[in-house]
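The chain below stands alone and is given as structure tokens, in the form predicted alone.
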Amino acid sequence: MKNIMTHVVAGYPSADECIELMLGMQKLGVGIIEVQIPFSDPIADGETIMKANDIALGGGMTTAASFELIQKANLDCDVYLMSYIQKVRHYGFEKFCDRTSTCGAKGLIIPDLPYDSPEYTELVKRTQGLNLRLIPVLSPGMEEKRLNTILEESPLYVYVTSQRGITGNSYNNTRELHQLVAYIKHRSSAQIMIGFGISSRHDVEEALRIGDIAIVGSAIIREVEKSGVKTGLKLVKNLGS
């Protein structure tokens, strides 16, 4: 289970249940938990995670409260904070990075962060100064020049989406995905996280044939939506059994 990263939305289905979900994941042996700060326009996410974002926001979850929730959970496993750049900008780059560090997270995943932007430069500076990791998100079809620029930063991890588009679709080990992973391995020593569409033990095994860490998000949230936290944790348990 150490080679699985699970995804939760802060405050979904409620703040207390979200903490219960994260503690349950940790108890099952999950290596990393990705905690998403809820946002009204999560452009990289499919319907399941979009709905979870809406419910969390409707329940009063804010950026500040998301940090507090992670701190309250006091997890021993690694936690990475996932957010869209608008939320970071609105909260303030310095304050956002400071709270990421003090809440106990190891770093940031920002899927809509342009790597040739002033925001990227600012976040690299801030995260490095606080010993946080900024995990780049790479997708099949990314132009080689841009990919090389990112890999030249020598990231510890890279988050590779299994397909173009949004989360929640079926997982498929496409030729395009294999080519991207092979290129990354040739140019970098980064640990490769594979995400988007992974929903079963079989999918996890397939992703780990080419990558180092399998990411599971929408499938867990669907189970929580249907039958609650315990059912979501049952799925997590089955991913590695």
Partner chain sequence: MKGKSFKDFVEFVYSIRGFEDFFDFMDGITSDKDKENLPKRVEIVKKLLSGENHHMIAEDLGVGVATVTKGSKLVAKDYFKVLKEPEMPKPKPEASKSGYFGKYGGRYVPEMLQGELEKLARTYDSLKNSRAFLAELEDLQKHYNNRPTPLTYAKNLSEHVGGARIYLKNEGMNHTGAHKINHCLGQALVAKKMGKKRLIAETGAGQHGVATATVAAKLGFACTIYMGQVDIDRQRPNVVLMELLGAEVIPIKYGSKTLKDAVSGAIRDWLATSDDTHYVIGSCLGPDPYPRMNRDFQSVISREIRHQLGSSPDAIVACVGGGSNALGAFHGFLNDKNVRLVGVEAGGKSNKSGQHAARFPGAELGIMEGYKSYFLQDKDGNSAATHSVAAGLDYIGIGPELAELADTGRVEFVRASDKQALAAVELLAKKEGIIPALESAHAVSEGIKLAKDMKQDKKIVINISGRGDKDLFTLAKHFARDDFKKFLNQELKTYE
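These figures come from a predicted structure and were not determined experimentally. Positions refer to the first chain, counted from 1.
Quick note: we don't show the form predicted in complex with its partner chain, though the next part is all about it.
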- prompt: Considering N172, S200, T62, Q179, which brings a non-hydrogen atom within 4.5 Å of its partner chain in the predicted complex?
  reply: T62
statement: in the predicted complex, the residue from K125, R164, R133, K72 with a non-hydrogen atom within 4.5 Å of its partner chain is R164
- prompt: Any of the heavy atoms of G129 lying within 4.5 Å of its partner chain in the predicted complex?
  reply: no
message: If we define contact as a non-hydrogen atom of the residue within 4.5 angstroms of the partner, is S189 a contact of its partner chain in the predicted complex?
response: no
query: Is D54 close enough to touch its partner chain in the predicted complex, meaning at least one heavy atom pair within 4.5 Å?
result: yes
message: Even though the partner isn't displayed, in the predicted complex is D98 close enough to its partner chain, meaning a heavy atom within 4.5 Å?
response: no
task: Could you tell me which stretch in 181-189, 22-30, 35-43, 202-210 has residues with non-hydrogen atoms within 4.5 Å of its partner chain in the predicted complex?
output: 35-43
task: Note that its partner chain is not shown here; using its position in the predicted complex, name the residues of 76-96 with a heavy atom within 4.5 Å of it, in sequence order.
output: I85, Q86, K87, R89, H90
